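This document opens with one chain alone, in structure tokens, the form predicted alone.
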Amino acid sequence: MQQAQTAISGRLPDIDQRDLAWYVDKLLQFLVFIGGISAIILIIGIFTFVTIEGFGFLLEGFSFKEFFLSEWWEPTDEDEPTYGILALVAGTASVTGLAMIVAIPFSLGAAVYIGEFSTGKTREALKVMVELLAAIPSVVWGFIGLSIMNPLIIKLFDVPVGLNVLNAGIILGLMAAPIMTSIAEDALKAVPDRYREAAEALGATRWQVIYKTVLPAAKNGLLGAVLLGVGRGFGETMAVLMATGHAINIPGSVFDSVRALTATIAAELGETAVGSEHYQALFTIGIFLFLITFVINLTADLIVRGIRKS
């Protein structure tokens, strides 16, 4: 009888521990679910807020031809305010395009070296340095463009102003490079080692293995990295505001000052009356930017998912 009671009492703690582990597991599942769904709810909430604030302009003052095809952005004109974002779109596109010209070779080269050549502590140190570059605040990059790149461009190219497309493109390219490097390096790591071994067995050199085997196999992931870099460029605000010169202009060269869409919102939103037509027009630009970045990121995500399935 005593042995039976001892056996039962010895099993009770095990049952309690299993019950506790079950509850803890369910609690963690619930917390993870809340964390995941909250991100979706937050994005929907932001888009709803921006849409509501700009909805009045879309219903009353919006003209597709003027908004997208006119280069005149003069919302403070007392007689006839105009809301054309063509010059702003051209400025944003020119800066982002130059930034990608700077960032793509730098980021892909760094990813190839980290993923294919470096080993051990060297690889870990380089990955940490790339992450540290990504952690630098955008206002610091803008200050670099304003105080260092500005006089340097004036001196090297003999131009009157160094706050232009070239300045912002270089700064934005350096800002986008870290995230592109990380994603590109992950894409290269996802290529199976048997591909490399098969190419080496056929007599290919190290560079031939990378150029003819690894890069083609990782092309979807690399394209996803580039698209995320483009999204980063379109969404950047403070560095672009400080480095472009903030002039409404369709650029004819890299030495022209421009104004970006994001910089326009940042510079003018605090000076407009809440609910005014100008205020609502700025939120309409926000809707346009949100849709552009959403399409870019969705495309990049679909491409990355495609490489994972293949």
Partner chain sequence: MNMQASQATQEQQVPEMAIHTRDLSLWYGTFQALHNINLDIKAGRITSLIGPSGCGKSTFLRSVNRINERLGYVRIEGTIDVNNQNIYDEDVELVQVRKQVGMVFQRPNPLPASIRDNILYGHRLHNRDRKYSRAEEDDIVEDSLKQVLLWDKVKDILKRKATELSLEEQQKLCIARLLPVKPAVLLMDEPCSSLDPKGTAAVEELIWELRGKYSILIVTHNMAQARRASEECIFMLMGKVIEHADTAELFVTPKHKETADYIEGRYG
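Here the structure is a predicted model, which means the values were calculated and not measured. Positions refer to the first chain, counted from 1.
This protein has a second form, the form predicted together with the partner chain, left out of what is shown; the following refers to that one.
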Among 81-89, 100-108, 229-237, 191-199, the region lying within 4.5 Å of the partner chain in the predicted complex by heavy atom distance: 191-199
Of 205, 122, 147, 76, the one that lies within 4.5 Å of the partner chain in the predicted complex (heavy atoms): 205
Option touching the partner chain, based on a heavy atom within 4.5 Å in the predicted complex, out of 213, 138, 182, 118: 213
Proximity of residue 130 to the partner chain in the predicted complex, heavy atoms at 4.5 Å: no
Close approach of residue 217 to the partner chain in the predicted complex, 4.5 Å, heavy atom: yes
